[in-house]
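Let's start with one chain on its own, the form predicted on its own, as C-alpha cells.
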C-alpha cells in the first residue's frame, strides 16, 4: 500500500475497523494494568530478596559447619538415656494416633453437615463450614500453645491440638468426597425404604471409604511430624527431648533423635502403603 492509499484512510474508517476488530488494536487500560502488574511483581521480588539477607549465610558459615560437625561426631553414647528417648518417640506416636483417631471420627460426622447433598439447609451448612475454617485456619502449633495454656504441659495438649487441627482439615475433604458420590447408589438404597442411618451406611459410606482410609492414613503420617513440633512448645513427646538437648548443646544427641524420628516416619509411611493396598488396591498408589 502506497502513501496515497494511506492518506485516503479517514478517522471514520479507523473507527469502523476498531469496532469490527476491537482485540486487534488492544486496550490501553488493559495494557497499563499488565505493565503495572509486572512492575509490581519485579519490585516485590527484589524487596523479598533484600529481606532474605543472603550475606548472613556467608557470615554464619563457620558456625554452621561447627554445628554440623558436632551433630555428626557422636560421643559418650553410653550416657544418652535411650529409655527416655524411645519413651518420647512412643509418646509422640500415641499423641498422633489418638489425635488423628478423634479428628477422623468427628470429621466424618461434621462432613455430612457440611456437604450440600446431605445438608440442604444453607444456614446449618454454612455455619459448619465457617466453624471448620476456624479449626483448619489456625496452625496446630498455635492450637498447641492454646491447649498448653489451658490444660498445662504434657501430651494431653498435643492430642487436643492434633484433634482440632485434623478435624477441620479432614471434615473439609470428607465433605467434598460426599458431594462427589454417585447419586444412583443412594437413590437405590432409599428406594428400598431404608431410614437415614441405613442410607448413610449403605449408600454413602461404601463410596467414600477409599477416600476416608487414604486421607486418614495420610493425616496420621502428617500428625506424627506435627506431634514432634508440638513437643517444642511443651505439648510432650519427643519434641521436648529435642529442645532440651538443643538448650544443653548436645547436638550429637539431637541428630540421633531426629534420625530415629525419620525412621519412624518411614515405617509409618510403609505401613500406610500396605493398608491402602489392602483396602483400596493399586489405585491407592
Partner chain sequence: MASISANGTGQDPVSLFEGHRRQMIRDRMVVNITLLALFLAFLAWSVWISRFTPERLAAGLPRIFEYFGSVMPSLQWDVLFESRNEAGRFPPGSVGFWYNDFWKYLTLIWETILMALTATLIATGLAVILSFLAARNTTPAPWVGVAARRFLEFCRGVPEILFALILVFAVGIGPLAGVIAIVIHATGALGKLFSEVVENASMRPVDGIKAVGGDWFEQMRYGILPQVLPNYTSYALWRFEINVRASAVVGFVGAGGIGAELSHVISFFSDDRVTAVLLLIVLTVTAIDLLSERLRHALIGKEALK
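Numbering follows the first chain given and starts at 1. Predicted, not measured: the structure shown is a model, and the values here were computed from it. For clarity, a rigid core is taken as the largest C-alpha set superposing within 1.5 Å between two forms.
Heads up, the form predicted together with its partner chain isn't pictured, but that's what we're talking about next.
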Among 189-197, 206-214, 113-121, 92-100, the region lying within 4.5 Å of its partner chain in the predicted bound form by heavy atom distance: 92-100
Contact check for 109, 128 and 175 against its partner chain in the predicted bound form, heavy atom at 4.5 Å: no
Its partner chain contact at residue 256 in the predicted bound form, heavy atom, 4.5 Å: no
4.5 Å heavy atom contact, residue 139 and its partner chain in the predicted bound form: yes
4.5 Å heavy atom contact, residue 67 to its partner chain in the predicted bound form: yes
Touches its partner chain in the predicted bound form: residue 219 (any heavy atom, 4.5 Å): no
Heavy atom within 4.5 Å of its partner chain in the predicted bound form - qualifying residues of 139-176: 139, 141, 142, 143, 145, 146, 147, 149, 150, 151, 152, 155, 156, 159, 160
Core-aligned CA displacement of residue 201 at least 2 Å between this form and the one not shown: yes
C-alpha of residue 42 moved at least 2 Å between this form and the one not shown on rigid core: yes
